[in-house]
Ligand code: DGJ
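What follows is one chain in structure tokens, specifically the form predicted on its own.
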Amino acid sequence: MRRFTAIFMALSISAASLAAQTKTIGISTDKTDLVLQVAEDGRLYQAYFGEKLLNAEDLPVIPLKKVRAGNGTFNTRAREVCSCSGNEDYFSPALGMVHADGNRSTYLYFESMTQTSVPGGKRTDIILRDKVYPVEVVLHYEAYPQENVIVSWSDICHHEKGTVRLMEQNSPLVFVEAGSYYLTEFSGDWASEARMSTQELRFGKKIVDTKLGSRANIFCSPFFEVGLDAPAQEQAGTVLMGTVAWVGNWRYTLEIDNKNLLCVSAGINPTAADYELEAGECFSTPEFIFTLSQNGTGEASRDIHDWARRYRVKDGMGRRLSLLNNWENTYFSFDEPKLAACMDEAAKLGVDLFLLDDGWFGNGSDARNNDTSGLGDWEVNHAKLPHGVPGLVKAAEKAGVGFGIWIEPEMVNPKSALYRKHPDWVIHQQDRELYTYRNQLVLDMSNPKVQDYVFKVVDDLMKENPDIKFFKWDCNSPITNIYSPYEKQRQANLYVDHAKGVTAVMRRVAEKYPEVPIMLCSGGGGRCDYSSLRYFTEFWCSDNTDPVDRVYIQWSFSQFFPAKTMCAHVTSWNSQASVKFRTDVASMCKLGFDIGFKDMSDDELQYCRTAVQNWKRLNPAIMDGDQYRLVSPYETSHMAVNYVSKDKSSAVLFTYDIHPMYSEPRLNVKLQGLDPQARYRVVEINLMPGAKSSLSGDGQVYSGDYLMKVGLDALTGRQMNSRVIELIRQ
């Protein structure tokens, strides 16, 4: 989080007379206008949020809607963008504050506004102040015109003589008007992440939140879609899509009032988190990242994908590495010769690196031979690996692949030297029975000493082994036994300070080692937020690698995340599915393998080698191009997705027949995003050795217009069948 007291002083000094006179503030992209106005009462309201107005001069004339009270008419109370607790508004507040004297009311008045350029867009900073209390709030909006994405957050600062308590910590509110609203949310559990469901919203509140502290997104994901006047559709209709960027306990609230106005708030879950803020300190809310599309979720997703690659994800425009992970091949049972054999297999597959997973550390009775011990003791296991990590790096180099390694630095097993030495570094109740999740506890990241220790885990590995090419950073447990020895009398700060501490360490690692890719993992998809992805190149969607389940999981995550951030591995899950089907499902994301040669025939191995080569060749389309979701598994027994490179010179179509019914009718798959005037040769690839394509039109040349209007007869009636079809502009 960006916490700088100086920002308030700088903005106040730089506010020109024009800004002081400002009554209308436009926050615009190429497709959307968000218009704020200062009303007669001096407070800031939203006047408009919708499709971009063609004439900029129309923005100042949009009237604020009014409501009538018994004593007369005044500006609407239902559209204040930083409404506070204790005022006359009836929506949930953006900011709730208990002042040092116990007063719970805050009224914020417009002070000044500045607008500056940021890479790819424009930033608007608006200072609000309370007239009674020395409280300042700066609202920030970053608008990215080309990507049609707006990012908003608030900085809260006070100079009262005592401590204030923040009861609500949300980004600026956003108001939406429509006849009806349909929420699509993403919920699930371990191995069933981000399952989509839709419901109509009516009067009252719909709250989606998490209270888990770390691994925060096990049960629900921090993003949503709201279809206006109809459920969100892929290629048509108006839809608001938003996500909360916060690694800890988040919450978003969708609230409809008695006039059918929808208020969207996003921020920190206030449960057990009434944050104590000392005088002179500043507090930043999580970012709310949102887009409003007039052409369905597909367009909105592509806009978010472009924004993420260009401006948010670590090395978002860089190359992604294919890999072979040893986990499902060896689990904890390995030694140097066995790992060297895995490295040779990685080289034969043609992937870029070998990734060593859990089990390489801990010694003696604390050796990490299962998940009950050793976590926190980041000393190499000398019995398994007598030549240490340097020996493995050299072995990988000899095999011709890079070397990556798994860590879980935020966690500790009670059966570890670290826990015995530093129980005060662990979140736990001293006088109660310990409750462990996966046999582990969470280190107290609110403690700066713990932050230093966690950073040192990565730093020491890199200092000893500067040729490490990749990290997998795991986080398998939510916070349990909730008490911080470090916070002492400020226990309500724990959840927030812990999240800030985690983020601080992530930032330190990324800043010191900007060239090292890092996978964000959390017992599967337990972390998938754009706060963390500033510092990570990718994330693990789910421990569930069954390709049938993965079709749904990857469809869901693709709503908000580009393919190059979504790791997908070929494993032995679902042995009823062919290796081809498993590989084709993984190939629509960042491809990896977690399977040994002993589990594959020679033909399957040859197929995988070819698939890796094809995936690498098609990276400009899959990793960096535009994604078009064509056939939804939620609506049919099939799925189809195509990717098109930015220059439209290449494209690839993935089709998956999941469990089609006998003799069910099948429509042609109509591609999207092609150049209608160009001609493309259609070639089915990723075929098993000796197999010939049964695709009608294979090898033929068609216009982009034909492929988008007539399409290809690419679906089949076969169970767990897949096709990968390359389109090459002639």
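Each residue number is its position in the shown sequence, starting from 1. Computed from a predicted model, the values in this text were never measured in an experiment.
In what follows, reference is made to the form predicted together with this ligand, a form of this protein that is not presented.
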item: In the predicted complex, segment of 274 to 282, 540 to 548, 618 to 626, 574 to 582 with a heavy atom within 4.5 Å of this ligand; value: 540 to 548
item: Interface membership of residue 358, this ligand in the predicted complex, 4.5 Å heavy atom rule; value: yes
item: is_contact(residue 552, this ligand) in the predicted complex, heavy atom dist at most 4.5 Å; value: no
item: Any non-hydrogen atom of residue 524 within 4.5 angstroms of this ligand in the predicted complex; value: yes
item: Residue 472, heavy atom within 4.5 angstroms of this ligand in the predicted complex; value: yes
item: One residue of 536, 643, 406, 91 in contact with this ligand, assessed in the predicted complex (non-hydrogen atom, 4.5 angstroms); value: 406
item: Contact residue in the predicted complex, from 195, 348, 438, 394 (heavy atom within 4.5 Å of this ligand); value: 438
